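Below, in structure tokens: the form predicted alone, a single chain.
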Amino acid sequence: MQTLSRKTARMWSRLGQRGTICGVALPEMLEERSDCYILTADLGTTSGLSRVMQQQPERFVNVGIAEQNLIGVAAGLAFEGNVVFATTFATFLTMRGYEQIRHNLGYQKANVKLIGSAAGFAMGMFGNSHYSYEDIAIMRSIPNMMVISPADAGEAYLAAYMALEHDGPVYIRLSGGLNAPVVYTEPYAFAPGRAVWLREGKDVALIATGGMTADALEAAKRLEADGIQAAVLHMHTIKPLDTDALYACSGYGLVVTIEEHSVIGGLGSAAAEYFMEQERKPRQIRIGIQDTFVRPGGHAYVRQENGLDAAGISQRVKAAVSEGV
């Protein structure tokens, strides 16, 4: 396992989250452990698994375009005492394979780690059939399933190694593409269920997950120029939630959740569910995709059109602060 540093952060940023896990972390794991298997559904080269395919072909399985079978084979290998990573596009992994994930991984606690790549709008012009903005809602509803959404490629690397050591099913949601923004440049102890405060502020708490965290940090800078001090909390684990961090957020005048996901069932819903049961309830707005299918386009275009960039986030927060809603 390598150490997160400025050098590795820059290098992994070029590869993006998917390239870092599939092209760096997984090949290392196969060298380090003989009980590790890598499976995919017809996305070997596309996922960046070329090193795995060439160096460890006996522990690499491509089941073809058969996501339900992917989960079944992965669970079978796990029940034989192995730790298994299964990866394909997030939308097909979580939707086509849902029943098998629920029964084999959730109910039977198979030691399988799901890597959902190209989540959100990363598939660009492929359109809504390939977009994945329901996957957090789907995965966090399954008992025993951990749900992770890394901020950048370096954190994706750390999350993969955490999943390797965790006994039970994990879903790691990978967003963005190549040349991804860097959030972390120094070593830190990645721990599931422990959110990370990235910026201090006294007026607003921005709670972001996944690739939106970099945009939340930029939005906080823009808000500062307008006299609004925004704290930024990176919630890399949607399940289990860091309720201590959420409790701290309830002391702010406004809490804003930010995600490249539907506002229904994702981070915003998870936070609202927590706040609903507390005596101290903050004002909350959820920035994400409304209850609609979006107009397709390039990744950056879709995010901008739906207010999921630094400009859109800062404008929404300013409006909420001024209107008191």
Partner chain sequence: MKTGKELEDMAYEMRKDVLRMAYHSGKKGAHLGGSLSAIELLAVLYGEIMHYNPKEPLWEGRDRFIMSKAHGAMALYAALKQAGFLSEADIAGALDGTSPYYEHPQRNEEKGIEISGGSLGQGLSLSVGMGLAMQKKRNGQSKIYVMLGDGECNEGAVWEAAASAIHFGLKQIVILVDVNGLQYGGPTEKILRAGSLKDRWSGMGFSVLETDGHNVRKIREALLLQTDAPKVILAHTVKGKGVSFAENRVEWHSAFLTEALYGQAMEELGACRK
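Numbering follows the first chain given and starts at 1. Since this is a predicted model, take the numbers as computed values, not measurements.
Omitted here: the form predicted in complex with its partner chain. The next part is about that form.
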When its partner chain is placed as it is in the predicted bound form, which of 127-135, 151-159, 208-216, 170-178 ends up with heavy atoms within 4.5 Å of it?
-> 127-135
Wondering, does Gln55 line up within 4.5 Å of its partner chain in the predicted bound form on heavy atoms?
-> no
Does Leu43 reach its partner chain in the predicted bound form if we count a contact as any heavy atom within 4.5 Å?
-> yes
Report yes if any heavy atom of Phe85 sits within 4.5 Å of a heavy atom of its partner chain in the predicted bound form; otherwise report no.
-> no
Any non-hydrogen atom of Asn62 within 4.5 angstroms of its partner chain in the predicted bound form | yes
Spell it out for me: taking its partner chain in the predicted bound form, does every residue among Arg96, Arg295 and Tyr301 have a heavy atom no farther than 4.5 Å from it?
-> yes
